[in-house]
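First, one chain by itself in structure tokens, the form predicted on its own.
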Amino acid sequence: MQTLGDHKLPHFFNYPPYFTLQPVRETREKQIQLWKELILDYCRTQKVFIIGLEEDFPLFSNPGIERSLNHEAREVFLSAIVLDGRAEWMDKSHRQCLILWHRIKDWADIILNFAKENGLEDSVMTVEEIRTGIESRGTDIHGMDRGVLMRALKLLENKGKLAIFKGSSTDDDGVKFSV
């Protein structure tokens, strides 16, 4: 099985027709589903949050079979993920896509479980400590996109599970868990 870094690629990645949008509806639906799963799985394992349509994204080409997805195919596959609520376009011209391999509410649950598992009830941490601290190493939270983290934290704040405090800089923003 072929790999991209430490990520195992599915068999279809070596099948040239999957790099061209298929004209038959049933075949295209299957193609879109396979690409959605591949993109989400790759982004989760490699901790990728933003995909630029104009940029070289490792999944969008396979030098071994000399195939690349064209702009239309890239946009179709990412738009399908957006329709599933697992991604959002970051601009109106669809040049960048924010990938939510966990939905915001799921990220909020992960953060809440993280706080419980690490005994952080009534503790204060900075947002940066949550993203990059020792406690989060080895978890999905470690290295998390700051914008996604803040959205999940605000959701938890609205539920009364924590309070967010503004610091003198964004690196100093704090969170007090009240799990």
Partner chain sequence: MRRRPGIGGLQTAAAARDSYRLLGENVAKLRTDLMKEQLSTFRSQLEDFARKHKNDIRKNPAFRSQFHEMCAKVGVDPLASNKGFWAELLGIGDFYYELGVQIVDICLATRPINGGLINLEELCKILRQRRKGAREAVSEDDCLRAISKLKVLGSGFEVITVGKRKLVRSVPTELKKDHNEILELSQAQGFVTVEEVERRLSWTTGRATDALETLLDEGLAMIDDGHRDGKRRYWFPCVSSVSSFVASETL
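Residue numbers count along the first chain shown, from 1. On a predicted model such as this, the values are computed, not experimentally measured, just so you know.
Not pictured, yet referred to below: the form predicted together with the partner chain.
Only one of T139, N113, T27, T45 comes within 4.5 Å of the partner chain in the predicted bound form through a heavy atom, and that residue is T27. Contact check for E121: every heavy atom lies farther than 4.5 Å from the partner chain in the predicted bound form. By the criterion of a heavy atom within 4.5 Å, K159 is excluded from the residues contacting the partner chain in the predicted bound form.
Contact check for R151: every heavy atom lies farther than 4.5 Å from the partner chain in the predicted bound form. Contact annotation for K36: none of its heavy atoms lies within 4.5 Å of the partner chain in the predicted bound form. No residue of the trio D106, G147 and A163 has any heavy atom within 4.5 Å of the partner chain in the predicted bound form. Stretch 66 to 74 is the contacting one of 66 to 74, 139 to 147, 49 to 57, 123 to 131, since its residues have non-hydrogen atoms within 4.5 Å of the partner chain in the predicted bound form. Shown without its partner, the chain has P10, H11, F12, Y15, P16, P17, Y18, T20, L21, Q22, P23, V24, T27, K30, L34 in segment 9 to 40 as residues with a non-hydrogen atom within 4.5 angstroms of the partner chain in the predicted bound form.
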